[in-house]
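In structure tokens, the next block holds one chain alone, the form predicted alone.
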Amino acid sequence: MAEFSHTELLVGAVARMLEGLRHVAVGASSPIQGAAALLARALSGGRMRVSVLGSRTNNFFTDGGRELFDCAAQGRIDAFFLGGGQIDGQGNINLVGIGPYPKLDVRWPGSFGSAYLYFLVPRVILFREEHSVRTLVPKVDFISAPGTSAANIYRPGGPYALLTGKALFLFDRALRRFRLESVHPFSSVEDVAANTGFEYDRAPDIGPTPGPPAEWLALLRGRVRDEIAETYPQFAATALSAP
């Protein structure tokens, strides 16, 4: 059995959700997501296109966010990643702050283009490594980007999954709620329940989140590490090395 780290488990879990896609875009401050996209590209034999904002080598955009938004509007991005200071059970995310708006108790950087991309990209993977009742809440204090919309609103995009440091949830768009799909080997179903603030469904056969196989680890610790080091050198040096 291959030995893998917590970070490598998360990278592998994301990469599995990207299989078969044409174009994956990765925003700023996203080393795990970027490494996962580059791993998925390597596994695709180069058929997948990956755009990592902040990279010179792995970025096809020349005008930053504007081209990213244009590409999404034209239906040419298949997957993107969003996070939030708060995420609730309906897939709403909060990037603005805690407390009653506009007199917030805590102020975060802001929503940026999260709502725009959430509406347009078909497979949005929510990623929040901290899995606690303060981050996964019954209802976000402010909706930066809604998880669902009314039936009469054109919306090809939306949440596909939520990956945390403890578990993987898939989002059921018909039911408008998450379903616990797997639990990471170093956690448990009980641990996930105790640290999740929103209600969710459970898959009938919840098992451990599979770790990356040996051939994936070889790519991660070699080719992918070298590729992601251009944008995230410290992450590459510390998180993608053999234990």
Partner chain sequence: MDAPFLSLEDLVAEIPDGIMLAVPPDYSGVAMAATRALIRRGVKNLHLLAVPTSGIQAELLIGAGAVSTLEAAAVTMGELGPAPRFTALVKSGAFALKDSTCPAIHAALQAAEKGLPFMPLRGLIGSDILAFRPDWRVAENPFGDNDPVVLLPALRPDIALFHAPLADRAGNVWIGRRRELMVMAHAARRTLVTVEEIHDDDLLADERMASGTIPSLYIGAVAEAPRGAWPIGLEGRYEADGEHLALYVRAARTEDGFRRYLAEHVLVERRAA
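No experiment lies behind these values; they were computed from the predicted model shown. For the two forms, the rigid core is made up of the largest set of C-alpha atoms that agree within 1.5 Å on superposition. Residue numbers count along the first chain shown, from 1.
Unshown form predicted together with its partner chain; subsequent notes refer to it.
The stretch among 39-47, 178-186, 194-202, 66-74 whose residues place heavy atoms within 4.5 Å of its partner chain in the model of the complex is 66-74. Although the partner is absent here, residue 51 lies well away from its partner chain in the model of the complex, with no heavy atom inside 4.5 Å. Its partner chain is not shown here, and in the model of the complex it never comes within 4.5 Å of any heavy atom of residue 135. Contact annotation: residue 107 falls within 4.5 Å of its partner chain in the model of the complex, judged by heavy atom distances. Not displayed here, its partner chain is approached by residue 113 to within 4.5 Å at the level of heavy atoms in the model of the complex. The contact residue chosen from 168, 82, 96, 79 relative to its partner chain in the model of the complex is 96, the criterion being a non-hydrogen atom within 4.5 angstroms. In sequence order, 56, 59, 61 are the residues of 37-61 having a heavy atom within 4.5 Å of its partner chain in the model of the complex; the partner itself is omitted from this view. When two forms of a protein are overlaid on their rigid core, residues whose CA moves 2 Å or more are considered shifted, and residue 64 is one of them between the shown form and the other one.
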